[in-house]
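As structure tokens, one chain now follows by itself in the form predicted on its own.
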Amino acid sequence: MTNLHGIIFAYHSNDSLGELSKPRNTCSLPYGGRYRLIDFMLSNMVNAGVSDIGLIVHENYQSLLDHVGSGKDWDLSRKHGGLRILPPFSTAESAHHTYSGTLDALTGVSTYLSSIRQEHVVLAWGDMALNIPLSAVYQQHVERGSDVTMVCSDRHYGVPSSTQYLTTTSDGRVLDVLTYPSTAPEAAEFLSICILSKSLLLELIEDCATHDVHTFTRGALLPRLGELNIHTYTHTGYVARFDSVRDYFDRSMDLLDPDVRRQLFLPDSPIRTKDRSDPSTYYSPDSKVTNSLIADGCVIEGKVENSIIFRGVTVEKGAHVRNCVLMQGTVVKAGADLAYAIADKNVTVETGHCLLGNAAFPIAIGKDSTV
């Protein structure tokens, strides 16, 4: 698909994720044993034939840069086009203030947007896990002659106070945008993905910048619902959104359901990630593992139940891990007992220690901690 350019918003760290977002941008949050959240939107775009992608960053993005690198693992390392990291250096002012909204972020990279060669642009956040056929979204956009196509879901996944909703006609034309209500309305949930022409995007950026408008959906699209032809595309697959530590835990546990994995990891639409050459995981004769996802490079000598185990994790003899998410490099020493815990990268749980959370309030252990 050579006529579609990708823009991914990756400038935000969600404070509600607590210890999990302190060392990183939310888009680089590890998920599913071997992935980062950014992998899903990057892969969605590449699977749809998008070969030029701009990644808008601002603060706390070193972990994200370390992960995506040149874009080679997504076939985006190219002499012309490919993956471009877009820090806020287009103006002196934009480099020193946090973006007030997506339109503010787009204004900060407007010079880049003016130079792209494709006719249409797909705008998306990189902090959700979903596998969406963007080629089908684009095809519908062209066939209907839409000015803007907004991707939504009939199911509700996000926290209402952090989510936007769309009311539509029977044929999918957007009538209203409901922003951050206290309770979820009877409307489609907007998945923060939309397609529009480059010329319209630049026109909106210019007009809104002169009127001090910073948000794309509320500030640019909502006042123009009557004059623009805006339609929805309904995504029917699974979506993981992350608005709290509890959300991260629950969405990770969702992956233990084979049906959820089938919706996220499609054979014809693979989710790519940074390549690592890890050895196979070692399971000692005394180990016991049930209903868990365990990545390569681990050493499992204890007991693991209903858990997501990332690369390079060690569970020593006599240790018991249940209903946990253990990120890369975590070591659970002999005799330790963990339940309903999320251990960030390189956490060490000392011998004999007991950490017991519960399903409603899982424990989050910060990166590089020893407990």
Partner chain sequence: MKKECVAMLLAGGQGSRLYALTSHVAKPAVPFGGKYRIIDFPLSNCINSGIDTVGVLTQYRPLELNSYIGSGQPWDLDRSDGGVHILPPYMREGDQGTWYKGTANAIYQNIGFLDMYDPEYVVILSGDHIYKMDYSKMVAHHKKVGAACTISVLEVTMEEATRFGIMNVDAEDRIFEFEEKPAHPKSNLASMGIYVFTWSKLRRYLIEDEADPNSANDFGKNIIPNMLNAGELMSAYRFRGYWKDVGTIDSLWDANMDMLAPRTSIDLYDPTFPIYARTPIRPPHFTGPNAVISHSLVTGGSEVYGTVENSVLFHSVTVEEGASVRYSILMPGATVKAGASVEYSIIAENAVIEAGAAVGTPPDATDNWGVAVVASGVTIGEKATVSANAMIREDVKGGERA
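Positions refer to the first chain, counted from 1. Owing to the predicted nature of the structure, the values given are computational and were not obtained by experimental measurement.
Only in words, not in the display: the form predicted together with its partner chain, which the text now covers.
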Heavy atom contact within 4.5 Å of its partner chain in the model of the complex, the stretch among 295 to 303, 172 to 180, 106 to 114, 227 to 235: 295 to 303
Option touching its partner chain, based on a heavy atom within 4.5 Å in the model of the complex, out of E206, D212, D154, D278: D278
Single option in S135, T217, S287, Q118 placed near its partner chain in the model of the complex, where near means a heavy atom within 4.5 Å: S287
P270 within 4.5 Å of its partner chain in the model of the complex, heavy atoms: yes
Contact flag, K72 vs its partner chain in the model of the complex, heavy atom cut 4.5 Å: yes
Contact flag, Y283 vs its partner chain in the model of the complex, heavy atom cut 4.5 Å: yes
Heavy atom of P258 within 4.5 Å of its partner chain in the model of the complex: yes
Heavy atom within 4.5 Å of its partner chain in the model of the complex - qualifying residues of 30 to 47: G32, G33, R34, Y35
